[in-house]
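In structure tokens, the next block holds one chain alone, the form predicted on its own.
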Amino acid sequence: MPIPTRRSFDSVDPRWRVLLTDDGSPTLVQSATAEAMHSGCGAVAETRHVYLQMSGVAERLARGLATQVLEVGFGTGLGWLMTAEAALAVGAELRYVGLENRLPPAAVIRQLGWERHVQHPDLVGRHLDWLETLDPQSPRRLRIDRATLEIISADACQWCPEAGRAARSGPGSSRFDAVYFDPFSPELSPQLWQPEVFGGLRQLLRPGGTLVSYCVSRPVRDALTASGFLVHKVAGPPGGKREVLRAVTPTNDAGESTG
């Protein structure tokens, strides 16, 4: 099936263009590489299906369970906004950590109009107001009711293995229930899709925790398997990719990396 022509327009920053995806929601595209932050088949549809649903986070939050999520590739913040909205709807405790070493400017993210794609526009407003005041020297935490966001500015290639080693000696309660693995593609950022990174993430997940991603390539699945994950291809979002990836840590996992 041919790729449809999709409308795009300039953002306030020449490094980014705004692309309108097939479900009517926007995403950002790097001007230099033409790499998009979300599927052209639907940014909101992809986020809801791949990350919230396939990870089990949507189900946990619907049950009112306290949930901890790590997103590798925070990007425009859509994953956080949709996850926080699900948590706030039922009053569940949410700890959300976003790892991003090149956060798009708040003015660019504001152009995306995320408030038109969530049920609580005030959540988007508070998030954007906070982004505009971010200072590298100040705490990067936002608290909205029982949902907490922390943004960590770091290179995932270094941060994930180091944090994973630290997690082995830390309390199990600090581990994540899910990892949204959403960096740029293996073709653009091959260093992020390696066993060393996945091994660190496995240590950061609780036993039975889940890593989900849009990418199902064989090298990525092999790297996850080498890191101790149980890897599966699952159905993708309606109208989008045929398959996406779900990787689970063994329920008897003690956190030792094999990657």
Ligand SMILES: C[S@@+](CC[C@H](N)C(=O)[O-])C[C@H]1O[C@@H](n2cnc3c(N)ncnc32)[C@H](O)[C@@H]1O
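Every value quoted in this text rests on a predicted model; they were computed, and no experiment measured them. Sequential numbering from 1, following the sequence displayed.
One more form of this protein, predicted together with this ligand, exists but is not displayed; see below.
Engineer: Every residue in 94, 177 and 201 with a non-hydrogen atom within 4.5 Å of this ligand in the predicted bound form?
Structural biologist: No, because 94, 177 and 201 lack any heavy atom that approaches this ligand to within 4.5 Å in the predicted bound form.
Engineer: Residue 78: heavy atom within 4.5 Å of this ligand in the predicted bound form?
Structural biologist: So residue 78 counts as contacting this ligand.
Engineer: Does residue 73 reach this ligand in the predicted bound form, with heavy atoms at most 4.5 Å apart?
Structural biologist: Residue-level check for residue 73: yes, a contact with this ligand.
Engineer: If we define contact as a non-hydrogen atom of the residue within 4.5 angstroms of the partner, is residue 156 a contact of this ligand in the predicted bound form?
Structural biologist: Although this ligand is absent here, residue 156 would touch it in the predicted bound form, with heavy atoms inside 4.5 Å.
Engineer: Is there a heavy atom of residue 116 no more than 4.5 Å from a heavy atom of this ligand in the predicted bound form?
Structural biologist: Outside the cut-off, so no.
Engineer: Partner absent here, but in the predicted bound form, which of 34-42, 59-67, 204-212, 226-234 has residues with a heavy atom within 4.5 Å of this ligand?
Structural biologist: Heavy-atom contact with the partner occurs in 34-42.
Engineer: Who in 97-113 is close to this ligand in the predicted bound form, meaning a heavy atom within 4.5 Å?
Structural biologist: In sequence order, 99, 100, 101, 102 come within 4.5 Å of the partner.
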